[in-house]
Structure formats: C-alpha cells, structure tokens
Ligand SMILES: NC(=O)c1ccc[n+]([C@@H]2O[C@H](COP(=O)([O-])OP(=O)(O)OC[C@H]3O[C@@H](n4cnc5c(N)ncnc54)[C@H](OP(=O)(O)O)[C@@H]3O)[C@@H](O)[C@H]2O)c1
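This document starts with one chain, in the form predicted alone, laid out as structure tokens.
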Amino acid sequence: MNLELKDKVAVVAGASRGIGLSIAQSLSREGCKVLICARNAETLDNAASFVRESGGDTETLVLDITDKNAGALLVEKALSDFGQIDIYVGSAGGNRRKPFADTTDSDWHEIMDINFHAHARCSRAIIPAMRDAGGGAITFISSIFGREAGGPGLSIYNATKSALISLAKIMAIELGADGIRVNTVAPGSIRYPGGSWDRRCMEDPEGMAKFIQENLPMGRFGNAEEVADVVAFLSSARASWISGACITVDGVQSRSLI
C-alpha cells in the first residue's frame, strides 16, 4: 500500500530510542523528511544515523520538550530545514511509579510536563504551519493504561496518558475543518533494546515468561516497529477518515471493550 507520504515533513519528539526512533524510521522509509528531537546530543546523533539508513532526509534538534519555548524552536527548525510541517508525533514520555499517597507535587509536575503539557504545547505551536500546509496529522503516543487501570503505583502515569487521549479527541473536533487529524496510539507492553521490558526480561526471564503467559495472549511482547507502522498509517492519506480515535497496539493485552 502506498501511504502517499513522500516528501511530507514529519516532526517526531522523543525519537532518540525505542518507539520514537522506530516511528522516525518508519516515516522515513515511506519517504518523509523527518526532524527528530531529544535531550541528549550523542544519542540523538546515533538515532539520526539509523533514520538516515531508512532513506529519507533527516535533521536533528537537541531539545528538552518540557522547555516552554520548545514548540517555537521545533517550528523554526522544521520550517528552516524543510519549509513546511505535515506531521507531528509526540512520543516523549516518562513515569514515576509510587503509591498515590507518597506522590509529591514535584512528581506530578514533572511527569505531567513531559507526558502531557509538552505535547500540548508543541502541537499548539505547530498548528499554524499545518494550516499553511493545507492540513496535517498529529499523533500522541498514549498507553493502554490511558484507557484502563494500570494498577497500583501508576496514578500519575494513568492520569497523564488518559489526558492525552482526551486532548486528542477535542483537538480533532476543533481542527477537523482545517484538515488536521488528531489521534492517539495506545501501546501495550513493548520490548525494545534498552527499554524497561528488555531489562526485566534479562534480569528475570522466568518472571517475564509468567507475565507473558498471564497477560499476552499472543505469547510475546510487542516490538517498536509494530507501533511505528500504525503511526505511519495514521499520518498518511490512507487514514483520511480517522480522527479523534485511540488505536490500541497491544496483542490483546488490554481488557477494555472500547
């Protein structure tokens, strides 16, 4: 299937590793010009090398997306290098696992900032450029734990990931007339090199085998490429009638019916 993404310009926030890097690679393989950003210059340069191997033009911006000027800086860099913005993918995120009663204002502010405020801020800054381009696609990486309870210790994570899904729905309603589609993708347990599931698998293979048996009906963890390809589709003209949706990519791990 031709996704008709050749020469589209994509901005991927949080693309130095894992799901974000795979998203940048998938978009690049489809012919997108890609601007990737992350906080660490060395890991970002390494990521750019992988993305360039996928075939597309790639530029980098060392950036902390929780910075209040991050959206403006992303727009300035993308327009300077590529002349337009057609796609924004908000992939950066974090977690602070602890019982709710032990959480602090600082915990909430820091995780809300990277999981929610940063993507709201960046997408808001990018909207005028998307309007100028005649439309576009925005995708936020949420989680199955934005759709259902994630369990003890995940009050902050759950709240921020649910907030992204809610934000995307309202943005989709407001921006539909501009030809801008807004969706979320909700991955389940995804294993990639250097990620938390990868670390747990190496530290506790027996425990992880039990986890898979009890939670993953397809008998394995998902991989980052499987999430990335869904994002590429949602970013494309082939998904022209999908907006305000949350797509799970979880191998039937979640239990929600909606």
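As the structure is a computational prediction, the values presented were derived from the model and not from experiment. Just count from 1 along the sequence shown to find any residue number.
Only in words, not in the display: the form predicted together with the named molecule, which the text now covers.
Enquirer: Is there a non-hydrogen atom of Y192 within 4.5 angstroms of a non-hydrogen atom of the named molecule in the predicted bound form?
Expert: Y192 belongs to the contact set for the named molecule.
Enquirer: Taking heavy atoms only, is D64 within 4.5 angstroms of the named molecule in the predicted bound form?
Expert: Flag for D64 set to yes.
Enquirer: Looking in the predicted bound form, any heavy atom of R39 within 4.5 Å of the named molecule?
Expert: R39: contacts the named molecule in the predicted bound form.
Enquirer: Test of understanding: in the predicted bound form, would F82 fall inside 4.5 Å of the named molecule by heavy atoms?
Expert: F82: no, not in contact with the named molecule in the predicted bound form.
Enquirer: Could you work out which of L175, I114, V75, L154 is the residue within 4.5 angstroms of the named molecule in the predicted bound form, going by heavy atoms?
Expert: Answer to the contact question: I114.
Enquirer: Looking at 127-135, 97-105, 165-173, 180-188, which stretch has residues with any non-hydrogen atom within 4.5 Å of the named molecule in the predicted bound form?
Expert: Comparing against the named molecule in the predicted bound form, the contact stretch is 180-188.
Enquirer: Quick one: name the residues from 113-144 with any non-hydrogen atom within 4.5 angstroms of the named molecule in the predicted bound form.
Expert: Stretch hits, in order: I114, I141, S142, S143.
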